[in-house]
Structure formats: C-alpha cells, structure tokens
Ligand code: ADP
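Okay, so here's just one chain, in structure tokens, the form predicted on its own.
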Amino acid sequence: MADRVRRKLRVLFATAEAVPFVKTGGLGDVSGSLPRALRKAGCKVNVILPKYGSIPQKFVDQMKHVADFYVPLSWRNCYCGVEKLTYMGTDYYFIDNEGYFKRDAPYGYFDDGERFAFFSKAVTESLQQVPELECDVLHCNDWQTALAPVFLREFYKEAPWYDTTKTVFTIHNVKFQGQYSEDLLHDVLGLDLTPAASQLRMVDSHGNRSINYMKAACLYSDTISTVSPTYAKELQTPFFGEGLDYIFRERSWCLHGILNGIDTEEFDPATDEGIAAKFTAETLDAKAENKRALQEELGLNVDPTRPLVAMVGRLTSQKGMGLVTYAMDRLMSRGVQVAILGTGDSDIEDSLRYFDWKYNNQMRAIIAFDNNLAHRMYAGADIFLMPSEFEPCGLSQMIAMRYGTLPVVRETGGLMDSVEAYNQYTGEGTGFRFANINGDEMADVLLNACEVFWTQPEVWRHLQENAMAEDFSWHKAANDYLDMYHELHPEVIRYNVKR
C-alpha cells in the first residue's frame, strides 16, 4: 500500500484588487483570503496586482522595490516597476506605472481597456523578468486580468517556462466582461486580426465588432473556474451566460464550480468586539441583546416579538431590490421590521428613503457603506434577506448564518449551494428559499419564515444552530482549487510505501 505525495506547486495569483490594499466588491475579499488559504493547504502563493494611487500610505511605505523594466505593448514600450510587500505571511507584488494606476479609484476611466491590457502584459512579462515570480499555475481573475493567458500563449512561446506554466481563469461575475473597440487589438494589444489568425475568436461579431477580454481568457486558459457549482451550470444557459454560454458549454469539460468561503475569524460572534453581546450556538440567548441594541440604534420599536429583517449590500436590481420595494407595504402591514444598509442606484435609494419616511419606527434605510454597522446588523437581525436575480456566489448569506441570522434567498448561484431550505417534516435546513424572480413569491416565503419565528421558537432555535454549524471557511475551497491545479500538473514526486 502506498500514499501518493504531490509536488508543492507555485501559484501566481493575478487580481485587480485584494483586501486590505484595495476593495470594490467581493473580488477583493476573495483575493485577500484565498491565497492565504492556499498557502496553508500547501501551495507557494504570490499575489500580483496594480499599485493604485488609492492604496493606503501605510502599505506603500512598507513596499520594497524588486525590479523595473519596459513592457512591450504593441508599438511602444511602457515602464513597469515591481514592488513587494509581505502581509500575513503572503507575498504581494505590485505593478507600478503611475500613468495607468496613480488615480483616485481603481476603475471607471476612459482608458480602462488599455490600463488592464498593460497590467495583464506586465504580469506575463514579470514571469520573464522576476525569477521569484515563475510559477506552475498562473491564476487570473475576472476581465481585468483576462488577457494574461492570451499574451502568455501568443508572445512567450520561446520562454523556458512556457510549457510548464498552466493558466486558470476564474469568473467572479460574467456580467462584466471587458468589451472594447476592436481598434485596441492591434494598436494596444499588438495582436493580429487577419482571417487566419487565432486571435480572431476574441472579437464579438454581434452587429458591432468589439474585443471581449473575458471571452479571450475563456478560450485561451487551460482551465476555467467560477465561484459556485450552481453558477457553473447557470453560465451554460442563455439567461445567465451573457452571450458566452456557448463557450461555457463548449468548454464544460474544464469548467469548475468552487464555492467561495468567508473569513471565519473576522465574522465570529464569539469574538466580534464590535457587537453588543458575544455569543455562540450554545449561548444563543445572548443574541437577543444584539437585536435590542440594533433596534435602539436604528430608531425601530424595541420589541423582541417582531421579526427584524436585514439587508446589507449593493442597492441594485441585480440584488432583487425591485422585489423588495414591491413587497414593502405588505411586509409592513404584517408588523415585520426591515433594516437596509448599502448604496446603489439612485431610484432604489430614493424608494427606500420614502419607505423609511412612511414607516418611520418600522423600516430603516441607511444609504451608506458602514462595515461596523454591517457587523451589528448581521448579529442583531433575525432574518437576512437576499433575493438576488443572479448571484455567482454571495458572501452575506454565509456571514449571516455565522451569526445565527437565518437567510431568505432566491434559488440561484451560490445562494442555492450555501443555504439548505427548511424542511418542516424533517426539521432540516439552514434558511428559506424561493424559486422565481417574483415579489409575491418572495414575500410569501419571507412571511412563512416569520410564522416559524412567531409560532415555533424551538424550531427556529434548531435552524439557527444548524446555520451556525455550517463550515464556510476557506479550507474546503482551497483544497478544491489545489485539486484543480494538480489536474493541470499531475506529476507525482514519489510514493510512500506502507508496510
């Protein structure tokens, strides 16, 4: 009998954002947590991202200059510096070009297509110029890094590491693909657009031709992943695939769905210093103090018998906010309390301000980003509402369950994979689910959850305990990624023989 021993792989994790340096959404959380979990699982992981002007100065002061060189980008050569910082045991490398990255925000500029084409080319050029960045797996994330696999295969065929460097592309949200004028193909990317060229498939031909960065990565990468098993299936359908569903079906053999994790140390009711009362599954009665404190803070009626429903996140139609505003009057008529924290589309913000005014001591809308208040809402609410039209993974529902706050979610993407629907016959479940993008259906399920809260407190307690027992740490996800990497590198060093 023998145990197989797998070689320790070197991974270069390319991303446009990573906590604590820069974050605009879930990608920043993933890129801050997953590399550390991969390191613990047995990888040698380096993270590479742009050196934005918005990175806090305390981190900039700790960076050390590693290298500088020029990156060939079509007809010109662009300066590239590489800075290094070690944070919580992981090495982070920052691509420095002030013309592209020393700005007030990471994205939202007229030349974003060129900026992230440069970043992708700088990542591949760094493999050539900085020996410590050579890797077995180049793991790219979303459209901002999508051209790296393209550049690697088109321009580095003579590099000694060309055959041994495999590429992974992870899709965090297919809605944002990086689509730009085809003029960039030659003028910026230095790629060919002749009918015989392999790069021609990068170009969309739906009326007006444009380059699609994400499409290119899906065609060039050795394997593809996304952030939940259900989302991997949804991507292969026209409704969710955003025009790329045929590619996901074509490459379904190498499309992996791996559910994200959360930082279980940051989101732990037993140690969270920012909540009114710490608690565990064994001391759930203390959660009531968090509810009382939250009701008082938000100016809601302090009443333990009223179910308090919380939402935290972006206020957009994608997050199901249209369903929420449609159902608000019905929920208010049943005595439910609702607290919503976030920013987003102005029309939705205005609707929520109206309901805040109309139901002053029953509904509160906080149009802001406040991480500390978010913790108090996770801890103090009874129910967490997340009725997304689509949700590649979602983290908020997992965080809520950590705090014994039961989620009500739509059956899509990672919400489907992370929330087990309550079964009244077996008592199993960690929350409540509904199927369709329908405000009445959402309200029915939410009020059914309230009925359980009102009439079956022992069942509610059992569901809370189930939810808090779920393991949403990065440990499992990291091992799933490690298996995916080893599919690309099936080398075995040796077998340990057991006698």
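A residue's number is simply how far along the shown sequence it sits, counting from 1. Computed from a prediction, not measured in an experiment: that's the story for all the values here.
In what follows, reference is made to the form predicted in complex with the named molecule, a form of this protein that is not presented.
Engineer: Check, residue by residue, if V168, C218 and E487 all come within 4.5 Å of the named molecule in the predicted complex, counting heavy atoms only.
Structural biologist: No, none of the three is in contact.
Engineer: Name the single residue among D112, D303, D370, E411 that comes within 4.5 Å of the named molecule in the predicted complex, judging by heavy atoms.
Structural biologist: Selected residue: D370.
Engineer: Which of these residues, A276, M386, M328, A232, gets a heavy atom within 4.5 Å of the named molecule in the predicted complex?
Structural biologist: Only one option qualifies, and that one is M386.
Engineer: Spot the stretch among 337 to 345, 284 to 292, 177 to 185, 120 to 128 with residues whose non-hydrogen atoms come within 4.5 Å of the named molecule in the predicted complex.
Structural biologist: That would be stretch 337 to 345.
Engineer: Check whether S396 has any heavy atom within 4.5 Å of a heavy atom of the named molecule in the predicted complex, and answer yes or no.
Structural biologist: Yes, S396 lies within 4.5 Å of the named molecule in the predicted complex.
Engineer: So in the predicted complex, does any heavy atom of V312 sit within 4.5 Å of the named molecule?
Structural biologist: Answer yes; at least one heavy atom of V312 falls within 4.5 Å of the named molecule in the predicted complex.
Engineer: Considering only heavy atoms, tell me if H139 and the named molecule come within 4.5 Å of each other in the predicted complex.
Structural biologist: H139 lies outside the contact set for the named molecule.
Engineer: Even though the partner isn't displayed, in the predicted complex is G32 close enough to the named molecule, meaning a heavy atom within 4.5 Å?
Structural biologist: Outside the cut-off, so no.
Engineer: So which residues in 371 to 392, when you check the named molecule in the predicted complex, have a heavy atom no farther than 4.5 Å from it?
Structural biologist: Result: N371, A374, Y378, M386, E391.
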